[in-house]
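Here we start with a single chain on its own, the form predicted alone, put down as structure tokens.
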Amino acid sequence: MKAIVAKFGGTSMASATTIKQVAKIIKQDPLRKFIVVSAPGKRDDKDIKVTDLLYQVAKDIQQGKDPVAFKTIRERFVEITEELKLDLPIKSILQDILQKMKISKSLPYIVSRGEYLSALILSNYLDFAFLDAADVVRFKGNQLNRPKTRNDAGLLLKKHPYVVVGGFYGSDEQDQIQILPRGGSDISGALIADAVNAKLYENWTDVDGFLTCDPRIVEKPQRIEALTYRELRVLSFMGASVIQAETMFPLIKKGIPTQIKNTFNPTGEGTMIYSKLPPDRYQSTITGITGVKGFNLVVVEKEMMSETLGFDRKILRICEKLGINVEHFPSGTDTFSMMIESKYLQEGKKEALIAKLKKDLRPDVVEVTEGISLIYVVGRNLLQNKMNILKVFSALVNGNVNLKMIDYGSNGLHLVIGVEDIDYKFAINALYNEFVLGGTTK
């Protein structure tokens, strides 16, 4: 089927004005046949997302209190419906929903009503078919059932030329509402794109796509024109938050591309995401630079460690038993190092780790250095040219940044650099200046 699945986020659905913009975008391309929407987001910095209000409603109902936040929700949807001049009995619909909330007391049912109402309103405004996501996205218990969703959604959606569906939720075998994890509406959009074998999945947000760096760190960083799902996985794992890579899994196998677009700048090119980058796309040295602060470097030294079979496995096993996740373990002769996010070493776990290492392995030295940042330089062409490694060192030297660790990604897709937290911004700016402003190649 030659169709586009378009998902619109909460900012796009925040008001009647933004919904009119969404409708204009949809009507500009007749291939936009399957539309997925989020609950209304913030209209301004002082506003509250409808989903956040619904969580408060759920809490109050479950505690036997009057759900006062529902008044704000009611006013929001009534305002949107009236400004759009819809022939929709929104007040009675909302009253019916509130009664069902009070009877069921179900968190998934309550918090999913924002998406349900968004889809109902947009379908009415566009004169598209409305499909309840409970009939489209299927669960087994509280776990997503991908095969059944692919089958049921494919059969149901293809009966309608144009459809609007709410994101974030579905239903189980007992027809009880279940919700998806973070990025739920993104997952819904990807599932529907998979089910209808879409030619393209569009994800409409309030940004122009992925940026090479965090704009809070680098001034006016360049937009990423195109990247692969593998690169997205690395970037989102380390904090890039436009879209979460795990939401894209249904698209990767079929090779359905994703385009990140800005609802409020629809003529912008956005960012394209592919399973495999087409040969005609721009081939930059790097795709992006991202990172996370707040790691601890744990170094274990013992004479003749390298001659002791399984010594590193024993260290990692100790971490596993203590529930400590290790990000990287660059090591050398008779030395084993671990990068551990500081949250795993709180509430006495750091002391417990040191004590266990000393008791079980009798090392010569156990050192913990706090305040380390990990920076990922990501790019499909990064490690193909040995000069790029020299450029990394040159950038850090010119930026007066001390290097605490360097590690090559085994997939050849990224380079990991460890620096002190105080050097975090300096290091990212130095790398950006070297690779993007001064060293970009085609």
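Each residue number is its position in the shown sequence, starting from 1. For clarity, every value in this text was computed on a predicted model and none was experimentally measured.
Keep in mind the form predicted together with ligand ASP is missing from the figure; the text below concerns it.
Colleague: For the chain shown here without its partner, which stretch in 216-224, 191-199, 177-185, 141-149 has non-hydrogen atoms within 4.5 angstroms of ligand ASP in the predicted complex?
Modeller: Going by heavy atoms within 4.5 Å, the stretch is 177-185.
Colleague: Report yes if any heavy atom of residue 51 sits within 4.5 Å of a heavy atom of ligand ASP in the predicted complex; otherwise report no.
Modeller: Looking in the predicted complex, residue contacts with ligand ASP include residue 51, since a heavy atom lies within 4.5 Å.
Colleague: I'd like to know whether residue 39 contacts ligand ASP in the predicted complex, with contact meaning heavy atoms within 4.5 angstroms.
Modeller: Result yes; residue 39 sits at the interface with ligand ASP in the predicted complex.
Colleague: Can you tell me if residue 168 lies within 4.5 angstroms of ligand ASP in the predicted complex, counting non-hydrogen atoms only?
Modeller: So residue 168 counts as contacting ligand ASP.
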